[in-house]
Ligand code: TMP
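Shown below, as structure tokens, is a lone chain in the form predicted alone; questions about how it binds or moves come after it.
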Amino acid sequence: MQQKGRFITFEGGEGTGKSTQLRLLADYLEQAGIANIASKEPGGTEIGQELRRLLVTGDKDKFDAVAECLLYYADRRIHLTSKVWPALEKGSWVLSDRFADSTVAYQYYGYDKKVPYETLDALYEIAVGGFKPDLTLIFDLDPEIGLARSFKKAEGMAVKETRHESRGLDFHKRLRCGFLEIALKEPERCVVIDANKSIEELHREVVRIVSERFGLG
């Protein structure tokens, strides 16, 4: 019998460790015999990699919040149609480093609501329709700690993906509040995780949450 595909998204501010936890969960699922693919937004496809370069590098003011939303949703549509939905149809689990919650958190809350929520809803309906993640893990961390981690990581990168980090602490405080509000609105889908823990502690918590949600042994 073919296993049921699941779509799990990893969300949170900069430097929360969600990308590391995604990789660890992918390894855990593979060892448990569950086929899965690890992906990300933006950049989970070949075209998405080009969009990622535009969105996360360079000057923070090179385009406004509305333009960002359109680019993120272009990436999202390509990601869904060419990678996520085909994998789910085959019964694979898909783990995505960011999805639509990040667009709401960054372009709505982060930008202090410069993009109307109705605009975000309309873009979601056009690009995504009624599809939603089966589970969203939101990694919560003090923005000062997260930004310090993120800038330290960027020191070793040939291409500096720090466009959003450069927006300043107030932006990231609003971002954090945004993610927490999203979780409050959809508690059946979202689980908030205190990210101020060791990698090992976080991995155990992620495995526990996923196992309980989907009945893994």
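Residue indices: 1-based, along the sequence shown. Since we're looking at a predicted model, the values are computed, not measured.
Omitted here: the form predicted together with thymidine-5'-phosphate. The next part is about that form.
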Handout entry: Stretch in contact in the model of the complex with thymidine-5'-phosphate, which is absent here, among 122-130, 137-145, 85-93, 105-113 (heavy atoms within 4.5 Å)
Key = 105-113
Problem - Heavy atom distance at most 4.5 Å to thymidine-5'-phosphate in the model of the complex, all of E14, V56 and R76 - result: yes
Exercise for the section: Answer yes if any heavy atom of P42 is within 4.5 Å of a heavy atom of thymidine-5'-phosphate in the model of the complex; otherwise answer no. Expected result: yes
Exercise for the section: Answer yes if any heavy atom of R176 is within 4.5 Å of a heavy atom of thymidine-5'-phosphate in the model of the complex; otherwise answer no. Expected result: no
Handout entry: in the model of the complex, residues of 78-102 near thymidine-5'-phosphate [heavy atom within 4.5 Å]
Key = R98, F99, S102
